[in-house]
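What follows is a single chain, given as structure tokens, in the form predicted alone.
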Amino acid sequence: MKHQTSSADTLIVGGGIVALTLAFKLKKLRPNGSITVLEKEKDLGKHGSGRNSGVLHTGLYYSKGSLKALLCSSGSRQMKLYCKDRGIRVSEVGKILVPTTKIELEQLPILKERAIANKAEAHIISSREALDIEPLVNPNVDQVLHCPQSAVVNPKDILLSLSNDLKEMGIEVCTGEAAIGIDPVKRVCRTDQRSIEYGRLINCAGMFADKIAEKFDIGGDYAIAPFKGNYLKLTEDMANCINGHIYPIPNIEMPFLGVHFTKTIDQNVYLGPNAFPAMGRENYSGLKGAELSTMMPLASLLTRQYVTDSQGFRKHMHRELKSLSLNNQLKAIQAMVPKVEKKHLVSATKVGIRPQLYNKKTKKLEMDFVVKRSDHSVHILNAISPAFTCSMAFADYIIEEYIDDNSSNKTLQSSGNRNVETETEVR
């Protein structure tokens, strides 16, 4: 059979939430432009976007001037409006952050200020007030931070809805078709089914975004460090007693939150995730998906992180090692909700892998989204949490700063005094 050839003004590699929202927004802006989306899996949502917790975050963790801070609140609002317009369930459950030490208690005003700066609602309330919202939250803490705008959705509902929207808009959404060869000079992408000539390629390949970027001689200063997250689940009787999301106070220098309670759209409550280095980019279970080519460089860079204790990594790993013990996990859980007992904890099949980007120059884990551009390509290299929440606003940003032909050298007016040059890394 002769190898077919097709063409697209815009070729998007990857079929996760960032890819789909980008296609959705770009088609609205340029209705006559042809767009093709390539997803290597037969079904959408097999990896990061589909394994997402579904939490629509408020944006209180992210430092001023970061893309996460800029986009989270707007992204959440846009996603809620999209869901309302499409009849997709959204549960406005709210979030409570529980400090368990004096140092953590002192972080509450800082987190509140960040929330306000990021246009999110947050209130420091007493433990008595907290009990009216979450009756089982630790009554012995002095204060908690309440974020009423935190919500939850079923991420697969949104992926399916967007996919249907794109097809109705005339966008080609191709599942089970992987990009196996790219010629950046000729602007041709080869799959196992055809060759696609493109005008611009947008790299939204998630865990494999760095591999795509390498073909364009982009992103050589970075490496993907995959971290696996496993969960526990509350029994139904205890889950029914939890109203929303209950979180610890995060280490704002690290991209991992620690164990927290997530009330899902179907009323389950998950506890977790932990965050251990994965043995492969798709190493969801045991040795399946383990890759020596991933394990060796990952072991080297994380050993360096541990020895230098960069970003408090040593403390993080000690905490994660302790979490291997169910008793230690239970202690962290009970610090927030004392009435949870071991009998209330069951194992969960839920697991995800975070495509965490490591900067080989600074020798640090990247905390923010990272975007790179060449003449005819855009590469999204660190689409980690809260990328799902941000995705609608992130798509607007990418189009305005990296794709719109009239946007060259513009600055992002809504980011305060931060100027973002379109050719540079966004930090």
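These figures come from a predicted structure and were not determined experimentally. Start at 1 and count along the sequence shown; that's the residue number.
Although not depicted, the form predicted in complex with a small molecule is the subject of the following passage.
- In terms of contact with the small molecule in the predicted bound form, the residue from 352, 99, 219, 244 that brings a heavy atom within 4.5 Å is 352.
- Taking non-hydrogen atoms only, residue 383 approaches the small molecule to within 4.5 angstroms in the predicted bound form.
- At a distance threshold of 4.5 angstroms between non-hydrogen atoms, residue 57 is in contact with the small molecule in the predicted bound form.
- Although the partner is absent here, residue 70 sits far enough away that none of its heavy atoms falls within 4.5 Å of the small molecule in the predicted bound form.
- The closest non-hydrogen atom of residue 75 lies beyond 4.5 Å of the small molecule in the predicted bound form.
- Every residue of the trio 47, 179 and 273 has some heavy atom no more than 4.5 Å from the small molecule in the predicted bound form.
- Heavy atoms within 4.5 Å of the small molecule in the predicted bound form belong, among the stretches 77-85, 201-209, 327-335, 140-148, to residues of 201-209.
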